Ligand code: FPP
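Single chain ahead, by itself, as structure tokens, in the form predicted on its own.
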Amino acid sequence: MAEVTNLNEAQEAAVAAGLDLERLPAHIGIIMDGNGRWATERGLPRLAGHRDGYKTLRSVLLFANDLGIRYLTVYAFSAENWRRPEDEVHGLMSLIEQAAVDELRVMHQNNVRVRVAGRLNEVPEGLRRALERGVETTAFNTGIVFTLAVNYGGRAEIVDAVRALASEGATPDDITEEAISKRLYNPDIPEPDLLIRTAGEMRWSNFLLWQGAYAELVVADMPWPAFSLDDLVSACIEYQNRTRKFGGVGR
């Protein structure tokens, strides 16, 4: 492990736990699962779990920024989440909008660059405006790039990319992996190295299907509100212990 000097508090703690700061995953994606179940087990309404999950996300984001992670993408609201009870959907929309407003100054002060992914034209206008303001305000920040996947689906993203090609008059020979990749929601963001899913579920759930083809998957048993900074470090250590072959033969 290479020696790194002038460490901040987060980095010192991570190094003490065995993390090599020279081999961090550049891009981490997180499926924040188990909020509702966490609340139900405590006799609370499901939305209370989402509120606590939001607090966890805030801590994880700022910690990842301090660690030196370059990109973090989280599954905030999937295209399938509209099927949930109406009061929960409304509560989630309101929670994401309020968080986008309340946390903007903190994001800006911590040099976080906010991005979004998904069909924003289908979300409530107040939420769309709050997200767009976050993107505009932090556009020139140079810290971690934090992408909120809202009304997002991996299949829908691929469909939208192919539709964009079709609208440009693409021929069958024009439809290549590179052409599709360039028309995804955020083509400038590199593919994720590590995908973390909480609550023990062994599913991809339509998240970053194209980009995550060769990402390392780590499944954590605890629900998202119980996910700790130590758990993030442990996931990164597990990532570093893997041999990434990308379809080839490992050394």
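One-based numbering along the sequence shown. For clarity, every value in this text was computed on a predicted model and none was experimentally measured.
As for the form predicted together with this ligand, it is not shown, yet the points below apply to it.
Peer 1: Among Leu120, Ala179, Leu95, Ala79, which has any heavy atom within 4.5 Å of this ligand in the predicted bound form?
Peer 2: Among Leu120, Ala179, Leu95, Ala79, a heavy atom within 4.5 Å of this ligand in the predicted bound form occurs only for Leu95.
Peer 1: Taking 4.5 Å between heavy atoms as the contact cutoff, choose which of Leu67, Leu208, Leu57, Leu195 touches this ligand in the predicted bound form.
Peer 2: Selected residue: Leu57.
Peer 1: When this ligand is placed as it is in the predicted bound form, are Tyr75, Arg84 and Ala99 each within 4.5 Å of it, taking any non-hydrogen atom of the residue?
Peer 2: Checked in the predicted bound form: all three residues contact this ligand.
Peer 1: Gly29 versus this ligand, in the predicted bound form: is there a non-hydrogen atom within 4.5 Å?
Peer 2: The answer is no: Gly29 has no heavy atom within 4.5 Å of this ligand.
Peer 1: Answer with yes or no whether Arg46 is in contact with this ligand in the predicted bound form, where contact means some heavy atom within 4.5 Å.
Peer 2: Because a heavy atom of Arg46 falls inside 4.5 Å of this ligand in the predicted bound form, the answer is yes.
Peer 1: Classify Asp160 as contacting or not contacting this ligand in the predicted bound form by the rule of any non-hydrogen atom within 4.5 angstroms, answering yes or no.
Peer 2: No, Asp160 sits far enough from this ligand in the predicted bound form that none of its heavy atoms falls within 4.5 Å.
Peer 1: Using 4.5 Å between non-hydrogen atoms, is Val114 touching this ligand in the predicted bound form?
Peer 2: Heavy-atom contact with this ligand at 4.5 Å: absent for Val114.
Peer 1: Just one stretch in 152-160, 86-94, 134-142, 166-174 has heavy atoms within 4.5 Å of this ligand in the predicted bound form, so which one is it?
Peer 2: Result for this chain: 86-94.
Peer 1: Taking this ligand as it sits in the predicted bound form, which residues of 141-157 have a non-hydrogen atom within 4.5 Å of it? Please list them.
Peer 2: Contacting residue: only Leu148.
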